[in-house]
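Below sits a lone chain in structure tokens, taken as the form predicted on its own.
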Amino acid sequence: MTRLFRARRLPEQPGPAAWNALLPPAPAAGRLDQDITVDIAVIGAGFAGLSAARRLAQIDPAARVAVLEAGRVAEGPAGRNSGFMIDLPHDLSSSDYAGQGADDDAAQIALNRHAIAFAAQAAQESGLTPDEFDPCGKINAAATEAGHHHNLAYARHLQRLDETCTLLDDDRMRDLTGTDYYRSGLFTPGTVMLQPAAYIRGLSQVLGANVTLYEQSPVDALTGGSDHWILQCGPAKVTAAKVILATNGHAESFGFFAGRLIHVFTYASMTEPLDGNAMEALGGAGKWALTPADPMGSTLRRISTAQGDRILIRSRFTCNPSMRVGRGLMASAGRSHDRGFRARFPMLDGVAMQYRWAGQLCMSWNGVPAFGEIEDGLYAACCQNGLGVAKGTLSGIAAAELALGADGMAVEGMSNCAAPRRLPPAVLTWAGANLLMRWKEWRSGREC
């Protein structure tokens, strides 16, 4: 029986991908311009898709693999990520990131570290610098007494898991960041900080000899037969024995997981380079990475690149079932970033934002991935629940192992996940999710 799945829409990327703009121009895209036949086709060249392609080549170096990307590598959500590859429980729906219990958390930590080890090997092979792949850890930053208590609760949770963490007082936070905005911080050493565009570009260069990447080659439709799939990419087509769908929320654009995925955008701004006067006024360390003690608060990074020292601020979440955001939401998020930046760094009053953008997340109601063999020979590695770096990498590894029937820690761990739960009617999901997020942001106060 033939099965046809046609894409209703293609990805749209609001605003520039700032991380990619900081890098030298990429080589010209290699587009798919003729019919090809491969063993496995991977749709999507983000963390999941490129990790799947690399793992396929590790398992079977002779397998012919095509990776099909609708846009350019590092211009999509992977290049818009804030760059935190987190090893510890990081549940965005909780008040303090604690997960579902000690056993589940320990298993997730082991899987996240497996993904980090995989990424570290790829980073080494692709020659990334310490500024592009930095196992320096991160800090949960608390700006309020409530946030400080979230830090204390999370510290107790980590201690029960025998995980290392260090509580930083307000003086140490000021010495680090240059601002007296923060009440406390909770340092955990296992997070890797990425220049996400550099990492994803580097990963695309070490996929394997029999892996070919095609950019600006969107898949319009998938047709499944008894023993193969045909992927239509404009006038060209790909015939593949198996397909890995690594498109995160855009799986629903093909009709998969309909009514089970929550499409969320988050927003970020990045400053212009800090000049000597600004850096002297700010003080503090040259690099730091802060996630908010309250998950609805603002994430911040200070980075040092060949294009200068900069500060990134990310906050605001919106539910957008259309997978599109307009200028109004972008402008509103930008104003929120400006207020948060001025409150934290009054000494940088003259520093302007050079880049503003949005990045798409995909979440499920019950916090599980959209993973597994969803049609004969078609495997999903989607829905990372806002943790695209570690969980996207993990799901790609697992999908490759599942497709080739290989044993591995990733596929064993991912195969035990439940399916995404069905959502309420779309209008209720949109209204309820946005109201809940606005209330949580309001409640977070100065953390936002």
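Source: prediction; values computed, not measured. Residue numbers here begin at 1 and follow the sequence given.
The protein also exists as the form predicted in complex with a small molecule; that form is not presented, and the subsequent description refers to it.
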Please tell me which of Trp288, Phe84, Tyr154, Tyr181 lies within 4.5 Å of the small molecule in the model of the complex, judged by heavy atoms. Phe84
If the cut-off is 4.5 angstroms on heavy atoms, which of these, Ile40, Ala380, Leu32, Val389, is the one near the small molecule in the model of the complex? Val389
Indicate whether Met437 is a 4.5 Å heavy atom neighbour of the small molecule in the model of the complex. no
Report whether the minimum heavy atom distance between Gly359 and the small molecule in the model of the complex is within 4.5 Å. yes
Whether Pro218 contacts the small molecule in the model of the complex should be assessed with a 4.5 Å heavy atom distance threshold; does it? yes
Using heavy atoms and a 4.5 Å limit, would one call Gly46 a contact residue for the small molecule in the model of the complex? yes
Options 74-82, 168-176, 338-346, 182-190; stretch whose heavy atom lies within 4.5 Å of the small molecule in the model of the complex: 74-82
